[in-house]
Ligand SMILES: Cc1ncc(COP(=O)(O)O)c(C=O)c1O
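In the form predicted on its own, a lone chain appears below as structure tokens.
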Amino acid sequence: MDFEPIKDRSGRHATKWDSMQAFCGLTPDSAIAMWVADMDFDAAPCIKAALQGEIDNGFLGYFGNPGPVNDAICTWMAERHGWQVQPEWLRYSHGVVSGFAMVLEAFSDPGDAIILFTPVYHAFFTKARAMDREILQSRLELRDGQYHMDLDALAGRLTGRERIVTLCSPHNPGGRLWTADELRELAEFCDTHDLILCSDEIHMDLAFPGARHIPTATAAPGATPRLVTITAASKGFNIAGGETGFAIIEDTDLRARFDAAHKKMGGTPNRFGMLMTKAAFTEGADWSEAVRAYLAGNFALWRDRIGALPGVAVMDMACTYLTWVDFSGTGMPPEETTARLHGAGIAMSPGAQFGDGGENWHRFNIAMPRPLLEQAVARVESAFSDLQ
């Protein structure tokens, strides 16, 4: 579990590196990729062994009998998150974004509105608009350096066309771990206004040592009749290429509605993704502990150095590897901060794509070997050296 080696990922079908030029005009030979949300670390040994075992077995046909994968997920949820999930609650999708699309199909119609707490993961916007759903952006309040939901303000803006509230928990961007009280208040809001609550918990296994992610289902057990949780092992274990996510739906009626949408949109599970998920949740605990500690160290380095730049503020976080940085204090428009960062060879995610409230921010992925992160930090410092 050595996370220090720097490996050249370019030319290896890594979106983060091979699509960087199309994304922002930078190339892997001169720039550092800090945009796509995966880690520049090898997968856990147990995951690689599971894949090698399947290759050695030689059968690569359709995947069947998810029972052992179900058991692995249920055990992990109980031991790691205190959530007693039952196997019959599980439904698989080709990644969490695909699962989100099934939620939209199951619980809303074209022309209906969904609620997003912004700034938030940009794929929610893309998928909702592609499916002809309207979006009501509820801008998060920034207080004491952290985001907070303003449910009172949101209530005053409802039109009656809203069907689904989507919560990103832990929050992306920003690494916010919502409290049990906040989750209960949101669940009560959804009950009052007859809204389905879709809780995206894909970053659940990236809480730093000493911090804890609270599943919405355990914080608000009364939300069961309207709660769908979508998640995966992909972020926590760096296996997004397996394109395997799952929904956890306790309520029988909600499961039936989701199943109908799945029948229209879904397919059979990805063989390799299912086996990687099983390996992660049965044998990957030690790797998970180590990578989370390493990421916490990376964040401390990033926060202390980048946060020291005049006019630049790094949002504190206790989870994920996606840091959220406010450049508004520099007095520069987003176009200038973007140009400076690109000029320094930093490919980050511009904040505007995350919706209302993200315009003066940028998101940076710090899940990389620390020697490479130190290079990235030095580049950002150089890009704004005239402010020091």
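Just count from 1 along the sequence shown to find any residue number. Note that the structure is a prediction, hence the values are computed from the model and not measured.
This protein has a second form, the form predicted in complex with this ligand, left out of what is shown; the following refers to that one.
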Original post:
Among 296 to 304, 96 to 104, 280 to 288, 143 to 151, which stretch sits within 4.5 Å of this ligand in the predicted complex, heavy atoms only?
Top reply: 96 to 104
Subject >> Partner-contacting position among C198, A220, L116, I202 - heavy atom within 4.5 Å of this ligand in the predicted complex >> reply: I202
Original post:
Pick from C168, I73, L227, L206: which has a non-hydrogen atom within 4.5 Å of this ligand in the predicted complex?
Top reply: C168
Original post:
Does each of W83, T216 and A247 have at least one heavy atom within 4.5 Å of this ligand in the predicted complex?
Top reply: no
Subject >> Heavy atom of A31 within 4.5 Å of this ligand in the predicted complex >> reply: no
Original post:
Might A37 be said to contact this ligand in the predicted complex, defining contact as any heavy atom within 4.5 Å?
Top reply: yes
**OP:** Examine Y121 and determine whether its closest non-hydrogen atom to this ligand in the predicted complex is within 4.5 angstroms.
**Re:** yes
Original post:
Any of the heavy atoms of R176 lying within 4.5 Å of this ligand in the predicted complex?
Top reply: no
**OP:** Counting only non-hydrogen atoms and a 4.5 Å cut-off, give the residues of 221 to 240 close to this ligand in the predicted complex.
**Re:** S234, K235
